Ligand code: FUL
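Coming up is one lone chain in structure tokens, specifically the form predicted alone.
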């Protein structure tokens, strides 16, 4: 479908007289989902008994005393997160082993039962206060699977899970995201739980209505189908979930990675990946820490494809981010800041034509990256586009093409020098309403 194009530029604004084009088309994000999109990048923290037992999935039978961080400093986590450009931290408040990082009344497998701080510690409280102090947001991961709780596998457990959520969601301030893992295995009695996710969801939102909830199929944010942090170049923020049950297997991974072009619900993708090989800290994995350059490449393949970047950085046995992880985060921030420091199109003359954006520079510029945005509050509309460049409007050559834009699309191509650039929208679902466009020369 071809139609007129509307542009909203940060440096020059062009509004079409056909204001009806600004009507919402298809599924659109809520105000809380829009705020979530703007976060772009935040940290995941896996921390608990597994940190000390060298496991990834604990058995639930571990002695609580194994959890004993000797120099825990949640302020360090929050400071480093903010310095790295992260807008928040999501903490594994309870992983599959059932160990709670807060003294839950509904479990006997918590920090209260450990020797750490003589049973008076509360990691959730410490991190909540640290995030507030640093000026970043916090989220919580609460695994529905519990390999320790004696009532797991019975109807009673669903109520217990709701009460544990209530403790967290009413006792530690506002969170921006609630994270549900899809794992569902046997508990200590050998039984699996039939989760009542509808009740879980309704309860969580009754405590904190602004939450966005992550799972394999949302309801607000979806898994991207892999744990490598890479979203497909074609990425629709909409998804069809009819016929799929949360926690019992979602859509095929290809659908999760790409979304559905006419999906019935706005459920954008969040790309989770660890800075290390594993999710919990293991000293022998210090040599596997991703470099700042590797993290920037992931950023281009998740945020640069319209999703959000959730990077796991696990504290060590002292309760601190290790120096090698911290150094990689700072290098990532340095590389990203340098890459997007100089917008070569900031003083360009923009011409808005049907299905085309013409960018006219005062003098030729050398670049290899263009950033595009749609105003997603009106829906996601662009199906495909091409980019042409040359020394004049009459002498343009195709330099790149791609599919979907969404909240942000960062497209790279072999370095060119040009004075005129044209963005051609080649297929759309409805009249495109575009956001900022920018050009950069990035040294990859």
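Nothing here was measured: the structure is a model prediction, and the numbers come from that model. Residue numbers count along the first chain shown, from 1.
There is also a form predicted in complex with beta-L-fucopyranose (FUL); it is not shown, and the following applies to it.
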Check your understanding: From the list 85, 150, 103, 182, which entry has a heavy atom within 4.5 Å of beta-L-fucopyranose (FUL) in the predicted complex?
Key -> 182
Review point. Which of these residues, 112, 258, 336, 96, gets a heavy atom within 4.5 Å of beta-L-fucopyranose (FUL) in the predicted complex?
Key: 96
Exercise for review: Have a look at 370 to 378, 271 to 279, 295 to 303, 115 to 123 and name the one stretch with heavy atoms inside 4.5 Å of beta-L-fucopyranose (FUL) in the predicted complex.
Suggested key: 271 to 279
Review point. Does residue 46 reach beta-L-fucopyranose (FUL) in the predicted complex if we count a contact as any heavy atom within 4.5 Å?
Key: yes
Exercise for review: Indicate whether residue 57 is a 4.5 Å heavy atom neighbour of beta-L-fucopyranose (FUL) in the predicted complex.
Suggested key: yes
Exercise for review: Please run the contact check for residue 227 against beta-L-fucopyranose (FUL) in the predicted complex: heavy atoms, 4.5 angstroms, yes or no?
Suggested key: yes
Review point. Does residue 195 make contact with beta-L-fucopyranose (FUL) in the predicted complex, using a 4.5 Å heavy atom cut-off?
Key: no
